[in-house]
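Shown here is one chain on its own, the form predicted alone, set out as structure tokens.
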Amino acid sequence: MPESIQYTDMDFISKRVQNLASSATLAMSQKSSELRAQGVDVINLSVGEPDFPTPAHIKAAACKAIDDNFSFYTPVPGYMSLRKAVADKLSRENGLSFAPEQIVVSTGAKQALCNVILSTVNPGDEVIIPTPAWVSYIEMVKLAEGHAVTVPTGIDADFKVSPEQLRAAITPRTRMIMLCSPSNPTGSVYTRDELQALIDVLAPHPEIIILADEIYEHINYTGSFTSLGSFPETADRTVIINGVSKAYAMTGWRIGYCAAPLAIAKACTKLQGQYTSGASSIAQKAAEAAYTGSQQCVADMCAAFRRRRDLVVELASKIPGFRVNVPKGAFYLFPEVSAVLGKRFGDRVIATSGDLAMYLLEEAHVATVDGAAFGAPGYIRFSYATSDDNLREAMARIDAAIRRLN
């Protein structure tokens, strides 16, 4: 008889999945939830989610959709009525010309991003990702067997990649650049002139796809927004990612989309048709109401986020060892905390920003996220998508915890 082979649990898990990192933002949120379940009063600043309820007219549209029996399978790329609403929004707000056939509605902007990457990146292709960057970008490139080429930025550059950095990162294997403005995790917003300078570098490289994550478009305190799709030099190879989760407080509804050159849109539809099919019928009708109804709710929520931004910047800038900038969009603060590293709390050494995030959770009972998860060790991320009272209390707890270090 042949000797039996011993298998471990991990032997049954594909290398593809073993090579992926878990989402640090979701992991920290889970840890804070576990502490709360134990009765600990944790303030969660780790999750990027508006704390507002979905606006009433959008919920009413969902209820009507249920009453009208929108309960059957949906077309893989989304209802035509929603795709037309998205195309109209892109034309009206951004000056972009997309036919409904170029829109693919997905189960959240995260799936839309992954659809595009899996549909366009081949094994060994390079994808340029300026960091800090959202935690899932690099992992999605790994899933496609591509190679993420990270380009580090920092607080002194307002976390923006320069044309010189971009030019140096391009190689014959470059397939794509991913850019997020307003940014998660930094809140930085590129001006039109700054984007034009990057486009000038990319224009001579027709082989490079531009993947623009614009999910925070409407949480923007600059008074203007420039879509990467608005530059004629590269419009024919720019893919826009957006959705309803952030602007309309619809995170749980899971509706995002890509607006892409037709060949890429068709590829995304083909891919999505094999592993999720069409997004929720009810959520799509709610999203349609979001795009076609009053936009006052968007302006009201943005005003509240701006007030909270001002509050958290004021309070965080007083914390010893924290260096902060003033984010121009989204709802995150990304302080540089290197001056705190190396300090101690009793026998506990705060050697890394990850140590600091865990210290703040366990000692201050405030959940944040280690900047290393975004490709930027030495920073931590706060989400200020919570109440003013929570922000004041959280900053007070963090300030006190930092002052206990020596």
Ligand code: PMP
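In case it trips you up, residue 1 is the first one in the sequence shown, and so on. This one's a predicted model, so the numbers in the text were calculated from it and none came from an experiment.
Just so it is clear, the following notes concern the form predicted in complex with this ligand, a form of the same protein that is not shown.
Partner contacts here mean any heavy atom within 4.5 Å of this ligand in the predicted bound form, and among 311-319, 240-248, 293-301, 152-160 they occur only in 240-248. For the candidate spot formed by Gly108, Trp134 and Ile215, every residue has a non-hydrogen atom within 4.5 angstroms of this ligand in the predicted bound form.
Contact annotation for Leu113: at least one heavy atom lies within 4.5 Å of this ligand in the predicted bound form.
Taking non-hydrogen atoms only, Ala259 never approaches this ligand to within 4.5 angstroms in the predicted bound form. Mapping the unseen interface onto this chain, Lys285 falls outside it, with no heavy atom inside 4.5 Å of this ligand in the predicted bound form. Proximity of Cys180 to this ligand in the predicted bound form: non-hydrogen atoms within 4.5 Å are present. Between this ligand and the residues Lys328, Arg175, Arg254, Lys89, the one pair within 4.5 Å by heavy atoms in the predicted bound form involves Arg254. Taking a 4.5 Å heavy atom cutoff to this ligand in the predicted bound form, the one contacting residue in 310-339 is Tyr332.
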